[in-house]
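A single chain, nothing else alongside it, follows as structure tokens in the form predicted on its own.
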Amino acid sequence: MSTGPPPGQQVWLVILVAGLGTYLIRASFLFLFEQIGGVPPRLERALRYVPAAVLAALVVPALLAADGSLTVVGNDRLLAGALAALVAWRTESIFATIVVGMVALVALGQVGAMV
């Protein structure tokens, strides 16, 4: 028989510890930069690339391996994503990028269903 806390309490304990750990990690950078007088310029330049890197890390696997296997040829998601990336680069419009990407994905799916 288990002598530890009930499973519900363990989950809340894990959530509390994870939240506290996340807070301490984030706060440590604030305290560190306050102690050294601000964010060093090299680090500030490097941090500008973080959003693009995070977005690429989230999007690229969904485009290349939607079903878990790497697929380039005949991949509708990859083609629609490339078209959306082109629209994003040329227009810098989030709305146009989303609309073009979704329309391309649906259209390619319809064409694939007919073939």
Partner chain sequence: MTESARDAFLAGVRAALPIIVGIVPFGLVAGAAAINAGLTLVDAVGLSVFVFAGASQLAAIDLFSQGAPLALVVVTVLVVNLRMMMYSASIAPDLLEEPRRWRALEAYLLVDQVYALSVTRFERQPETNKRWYYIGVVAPLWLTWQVCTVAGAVAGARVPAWLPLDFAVPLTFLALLVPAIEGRATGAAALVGGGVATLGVGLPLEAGLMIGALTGVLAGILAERTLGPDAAGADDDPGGGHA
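Numbering follows the first chain given and starts at 1. This structure is a prediction, so every number in the text was calculated from the model and none was measured.
The next section is about a form of this same protein that is not shown, the form predicted together with its partner chain.
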Query raised in the report: Does any heavy atom of P6 come within 4.5 Å of a heavy atom of its partner chain in the predicted bound form?
Result: yes
Query raised in the report: Does G74 make contact with its partner chain in the predicted bound form, using a 4.5 Å heavy atom cut-off?
Result: no
Query raised in the report: Are there residues in 60 to 79 with a heavy atom within 4.5 Å of its partner chain in the predicted bound form, and which are they, in order?
Result: V60, P61, A62, L63, L64, A65, G68, L70, R77
Report task. Work out whether the Cα atoms of W89 and R42 come closer together or move farther apart in the predicted bound form than they are in this form, the change being 3 angstroms or more. Result -> farther
